[in-house]
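Just the one chain here, laid out as structure tokens, in the form predicted alone.
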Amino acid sequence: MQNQPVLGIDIGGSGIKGALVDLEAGDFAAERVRIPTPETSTPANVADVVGEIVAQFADQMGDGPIGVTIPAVVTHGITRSAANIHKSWIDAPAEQIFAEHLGREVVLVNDADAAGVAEVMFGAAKGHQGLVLVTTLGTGIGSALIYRGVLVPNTELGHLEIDGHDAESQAAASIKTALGLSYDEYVPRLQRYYETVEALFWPDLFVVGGGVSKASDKFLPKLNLHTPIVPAHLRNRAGIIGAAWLAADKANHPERAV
């Protein structure tokens, strides 16, 4: 997409991570920096930490935009929800807050959406021209829906109601850990989730990320689906890489809304 590396920043409940991304290679161009998320993770406090990360890369990144992910629904730069961050993010003009604090253009996106874009552009679904559904199994279930390389943002498919329950309350990786489930005991929960999503969207490919995907051989082959399902490739680098790609894409195509 471009030769100049682009900074991607991934805001999480426990850490804020940033790295320059080489968008030709689809990987980090410099070592990642991580700073703990402030205990009181208000927009102002988080913006201060993001500013610290930007300062560490300022000499290498030029004056281009920054891509930032956040665990929230983001519509037109406004955060509509808040997962594992301070509730003052809800309905905050977050993209504007970051842009004013940093003095440069910022593209703010949902964290699962950024990870999904990275997997389609550079990872497990690279070059796929159909409908790809990327899910992240972690504290909750994140989702990203991408059709022919174009993101359909803020799908929030972890919050589907299945059998009277919020889906992620039954099938997130955190539930496996909390209940001490073996993989064989966890598989029926994943089966019910993925077969439901499949029946609603009929994707051409499922990609499964999150920390549990490191052990994908213990559960993915046991799922009975029509849709191929594969583990993510980029894992914890995906959010940063996807954020950087989306920032560069908006700069190159300003007519597109993120």
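Counting begins at 1, following the sequence as shown. Given the structure is predicted, the values throughout are model-derived calculations rather than measurements.
There is also a form predicted together with ligand BGC; it is not shown, and the following applies to it.
Considering ligand BGC in the predicted complex, the lone stretch of 182 to 190, 154 to 162, 94 to 102, 119 to 127 in range is 154 to 162 [heavy atom distance within 4.5 Å]. In the predicted complex, ligand BGC lies farther than 4.5 Å from every heavy atom of Gln170. At least one heavy atom of Ile141 is located within 4.5 Å of ligand BGC in the predicted complex. Proximity of Ala112 to ligand BGC in the predicted complex falls within the 4.5 Å heavy atom cutoff. In the predicted complex, no heavy atom of Val132 sits within 4.5 Å of ligand BGC. Residues of 62 to 76 placing a heavy atom within 4.5 Å of ligand BGC in the predicted complex, in sequence order: Pro71, Ala72, Val73.
Between Leu160 and Asn84, the C-alpha separation shrinks by 3 Å or more in the predicted complex, relative to the conformation displayed.
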